[in-house]
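Presented as structure tokens, the chain that follows is alone, the form predicted alone.
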């Protein structure tokens, strides 16, 4: 039997043990785990085969608990440090039971990933600050997803692309079937259990505008254009309990020249910590050196979203141009601040004044891009807590910034067995969730590099195991 079925009349049109909705990391981890438990599994990916993998194909690494270094990680990352890092970015807005479960269950998951086709590599230049905590995928997220799909095919998992789930038949907290749009028609698929791993709603601009208003028109969607939240909406309409603030999301500052959808990680700008950021009034609006970039980069999308016209500009000088992973777009280069202002369409006097004030506020210190150093800009509002050096060495470099949304945090509530919770606080009988669609349980706000993949891997495996356990107990 083919494992890449695309036709409503194919042999896969039957009852399944487990239906997995989604085609990214969480979905594949769930499907492989369920299949290895002896289940008959169907995966429905709404994207075409060429664009399979959701946001996971744009990732570079994941963060996981480990007690000692290995070939790809330079040292230990214990539970207490992992937990403290999460608290710093979420400010305590997390479900502690689920968060600690994820951290503990992530212990050495790199080994499981390698057994399922993943290959790792050492951290690259510009990412060495993650070399101890995060493992990097050889070939990036697309290579990881291709490896997972190949392994899933080897296991005999059925996979169907261009398959958008448009409705679910849910009765009294029990999933019965899914209506799937394929080749212009609607097909009904029955399964004994369902795992929903279909992402957030960040590609649904109309839904975003319900919370952000017209400013959402200026947002860029970093990842897949297929995450429109259709299944999330169906679940919420069928009595599933929601979790998360609809305005909270993983949103980073990305190059304003990026495409509206699917630009991926290469459009992200990591230079913010090494210079200043101004809005279109040539005014600074936040501490650029508050913390290490992997722990703070995900706040900058929301910060830029709150600025006039949802635009900002990162400006550095030649001292910092080699300190970060470059964007796919070249910087705007200028030999003077006046020339930079002209090229960025900023007020020259205003930009000069902002930079002069910043330069005067910089205190001498020992600059160290790998540590929370003592280079500060004080007696200025906002201050710059670390890595503050005068912008005084031409050429100067500028990057235009816009909010780039990776995924939204509004989702479905789950327990630590990945079971979906209904509005009456009862656990759904045969419905499980993993990945972005349930990430709001843990991410009340903020983000840290590689943690979305941790959530997806841990809860994908959990959902696959628990769904298989449920099905195995059903009468023949």
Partner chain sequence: MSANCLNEARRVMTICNSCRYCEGFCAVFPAMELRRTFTDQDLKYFANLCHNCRDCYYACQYAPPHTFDLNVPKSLAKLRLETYEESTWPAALSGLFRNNGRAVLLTTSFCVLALLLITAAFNGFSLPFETYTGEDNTFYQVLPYKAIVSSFMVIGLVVFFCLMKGFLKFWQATGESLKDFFNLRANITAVWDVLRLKYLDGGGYGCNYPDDKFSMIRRNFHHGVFYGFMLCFTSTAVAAFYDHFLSSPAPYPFFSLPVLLGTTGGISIVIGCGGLLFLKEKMDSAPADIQGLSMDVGFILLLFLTSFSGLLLLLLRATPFMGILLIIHVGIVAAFFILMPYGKFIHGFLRYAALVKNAREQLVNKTDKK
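We call the rigid core whatever largest set of C-alpha positions still superposes within 1.5 Å between the two forms. In this text the structure is predicted, and so the values were computed from the model without any measurement. Positions refer to the first chain, counted from 1.
Only in words, not in the display: the form predicted in complex with the partner chain, which the text now covers.
- In the model of the complex, at least one heavy atom of residue 259 sits within 4.5 Å of the partner chain.
- Contact check for residue 59: a non-hydrogen atom falls within 4.5 Å of the partner chain in the model of the complex.
- Interface residue remark: residue 346 is not counted as part of the site for the partner chain in the model of the complex, having no heavy atom within 4.5 Å.
- Put simply, residue 350 is far from the partner chain in the model of the complex: not one heavy atom of it is within 4.5 Å.
- Shown here without its partner, the chain carries 50, 321 and 327, all of which come within 4.5 Å of the partner chain in the model of the complex through at least one heavy atom.
- Listed stretches are 275-283, 131-139, 338-346, 206-214; the contact stretch with the partner chain in the model of the complex is 131-139, by a heavy atom cutoff of 4.5 Å.
- Residue 263 is the only one of 398, 229, 263, 110 with a heavy atom lying within 4.5 Å of the partner chain in the model of the complex.
- Checking 161, 367, 151, 120 against the partner chain in the model of the complex, a heavy atom within 4.5 Å turns up for just one residue: 120.
- Taking the rigid core as fixed, one finds a CA shift for residue 245 smaller than 2 Å between the shown form and the other one.
- The Cα position of residue 201 differs by less than 2 Å between the shown form and the other one after fitting on the rigid core.
- Relative to the superposed core, residue 270 shifts its CA atom by 2 Å or more between the shown form and the other one.
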